[in-house]
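Read the single chain below, which is given as structure tokens and is the form predicted on its own.
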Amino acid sequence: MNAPEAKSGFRHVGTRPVRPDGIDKVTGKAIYSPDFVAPGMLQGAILRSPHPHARIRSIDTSKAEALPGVKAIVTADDFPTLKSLMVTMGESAGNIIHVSRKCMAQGKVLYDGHAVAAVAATSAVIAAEALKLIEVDYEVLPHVIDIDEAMQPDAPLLHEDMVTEGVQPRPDKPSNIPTYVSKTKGDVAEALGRAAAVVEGRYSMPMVHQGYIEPHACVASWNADGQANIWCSTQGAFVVRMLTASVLGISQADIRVTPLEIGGGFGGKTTVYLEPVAMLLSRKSGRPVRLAMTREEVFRASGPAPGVQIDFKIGATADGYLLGADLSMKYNVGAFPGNGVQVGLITALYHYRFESFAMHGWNVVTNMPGIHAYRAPCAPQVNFAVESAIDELAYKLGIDPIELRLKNAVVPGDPGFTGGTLGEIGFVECLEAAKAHPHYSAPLGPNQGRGVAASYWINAGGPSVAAVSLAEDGSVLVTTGSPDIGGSRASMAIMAAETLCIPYEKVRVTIADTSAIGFSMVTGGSRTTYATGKAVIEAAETIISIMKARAAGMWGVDVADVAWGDGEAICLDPAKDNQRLPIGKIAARMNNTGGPISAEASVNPHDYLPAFGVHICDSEVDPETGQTTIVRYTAIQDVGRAIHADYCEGQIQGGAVQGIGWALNEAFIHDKAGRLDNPGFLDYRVPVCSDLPMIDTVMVEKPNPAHPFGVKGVGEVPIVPPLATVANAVSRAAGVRIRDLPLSPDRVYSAIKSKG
């Protein structure tokens, strides 16, 4: 691995200090949401539908209510009637009515596992027994799981009032297609007609889950005075506050949300499923209530990543310059409208130069859980199709796969995917690093194949607030509203220490609840180190200004005669003989020189830059069984600048591992009745250490000039290329192109046998 140390001119940026929360986590002292206990707390449980599609005729809770120990029961009747309202949920947006219906079915159940009632009791055993006593009368309706079947005019309708948006003229009949989008450039048919080589095919994959280890859980306490507390596992306490308040029709100021440590989220914990339900149970019972999903409930009732079906046609000149691309995308977004195809549209083709293209996309609802964000949401799916076709095209033209990409890679100054021009991106540098890497030229063994794929992620900015305050001994407290899911406490401490010119060990970082700091967007979109980091830096710079002013007063000089360096104020007045005041001495006297030294910064930056990655994979395929082994894997990524080198590498490795699992094993599997067949890690197969080689990482550093330390964002790019990288490697090892995921042994074996 390349391992950058502190860069020239930096004390801490690029180093690898121990993360502030590390010891508590490895020793088991950290408090996660399933660990949290409130005095007098009741145990909650949720009754879920066994049917993928059914009308709820009636719910009888009388027997459950009579069970000793049961303190409260809620159904859809306890939820307020809401008006249609689009709300932002971190990396996505949705209608608050649909958010409410994900928490509790109203009128119909739309997927296996849809919540229909909830109980709070004095013990988990009693709550589970009470669920068995609730009688639900269902009218079972025809269901639909397959994308093509759901799009048919006679398909079972999930929503009788859903009419396709984006089609002109507006349809006069409802359908299972909430959204159509398109974007074109030039004459694709003419461009493809001039191509020396054309590749086309259909690519598909099923829904997959984020696979976080910690299930969704929360404790809610709604007091008689209308004030409420929620303790939960979340990537954004403020989004929990907003969604819960909106679903229940109350003021956001009445809810205080405390984010606990988070045992994995990957985008899946930027919404609510349990919190409004726990709130209603608490109001009815007058006591705090815990709700926690089982592993089966997580798979059956939380938001997976969409499945897709993609038709792609691409053409190039004989010497490898891309001419045109025709792309049709169908995203299975589950039971509620999602933002799948919209993101697919902007992440599909814009890392290459095309003379012309035509992109068409549809979101399609089916009787499966409504989708939610999963690390670079909705980009890996379309990248699988595009990068697989690029690989086929390179093979057909007899051109090195990286060389073909280099010929067509976007560079600074090229048009961007959302308008304007691209800034200081490092795509070409990543491709060149991949081509020069020893992995790319290493010999392959029998039944082995090498795959390459490239990608990018748009990254994000958005609102963040951070506070920096000085203790009397000169130590520093940094407070943010951004939950730490990947080492952001360490990156915030590094940036604060770098700005203040003090030791890293002098800085502590805390994650505040919603009553203790101003609004911050969720931890997601690869935005936290970039955006919240900017707020920390700005607040730290204000602290320096205050300390310089305090030192000037203590010396009796103008503040212009005071500089800051090496963690101390420096007097530039020659008469003062270069006197210095360390931060600790300024802090010790702050009560006598003007009071507390603290600052808060609110930012909403939009000068972020996309980040790019190139992955290389060697696979070995057993021709007798179709079993695939990943032999070697290298991930190259433009990281802007690595603030904490270890955690940059860890993000890259983690994304690659998840993508490998997605490519080889992972899939939602439903039986003929529409029920999920594999709602657990025994049958939903995620990679473990023994499945993988060491993931080698190469960090290409092309800093973002708009960030004081060059940050771009790291966490989401690495999950985008692996699907195509692995598929390209397996296809080359097997000697046959495989366009459907996952690349399970039976699928690979059948492909090998089909080639004769």
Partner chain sequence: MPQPGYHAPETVQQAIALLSKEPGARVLAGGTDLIVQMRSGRIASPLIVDLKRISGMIGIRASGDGFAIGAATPCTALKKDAAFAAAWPGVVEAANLIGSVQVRNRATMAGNLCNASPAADSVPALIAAGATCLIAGPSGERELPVEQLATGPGRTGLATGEFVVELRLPARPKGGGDAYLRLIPRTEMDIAVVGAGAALVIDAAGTCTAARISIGAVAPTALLVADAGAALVGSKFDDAALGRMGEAVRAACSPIDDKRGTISYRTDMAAVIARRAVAIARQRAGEAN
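Predicted model, so just to flag it, every value in this text is computed and none were measured. Positions refer to the first chain, counted from 1.
Here the subject shifts to the form predicted in complex with the partner chain, a form of this protein not shown in this document.
Asker: Only one of 623-631, 472-480, 322-330, 112-120 gets a heavy atom within 4.5 Å of the partner chain in the predicted bound form; which is it?
Answerer: Only one stretch qualifies here: 623-631.
Asker: Taking 4.5 angstroms as the cut-off for heavy atoms, does Val125 touch the partner chain in the predicted bound form?
Answerer: Taking the distances in the predicted bound form, the answer for Val125 is yes, it comes within 4.5 Å of the partner chain.
Asker: Contact with the partner chain in the predicted bound form for Pro745, defined as at least one heavy atom pair within 4.5 Å: yes or no?
Answerer: Because a heavy atom of Pro745 falls inside 4.5 Å of the partner chain in the predicted bound form, the answer is yes.
Asker: Should Ser62 be counted as a contact of the partner chain in the predicted bound form, where contact means heavy atoms within 4.5 Å?
Answerer: No, Ser62 is distant from the partner.
Asker: Would Ser246 count as touching the partner chain in the predicted bound form under a 4.5 Å heavy atom rule?
Answerer: Close contact is absent here: in the predicted bound form, Ser246 is far from the partner chain, nothing within 4.5 Å, heavy atoms only.
Asker: Quick one: of Leu431, Leu157, Ala191, Val686, which gets a non-hydrogen atom within 4.5 angstroms of the partner chain in the predicted bound form?
Answerer: Selected option: Val686.
Asker: Which listed residue (Gln309, Asn665, Ser356, Ser285) meets the criterion of a heavy atom within 4.5 Å of the partner chain in the predicted bound form?
Answerer: Residue within 4.5 Å of the partner: Asn665.
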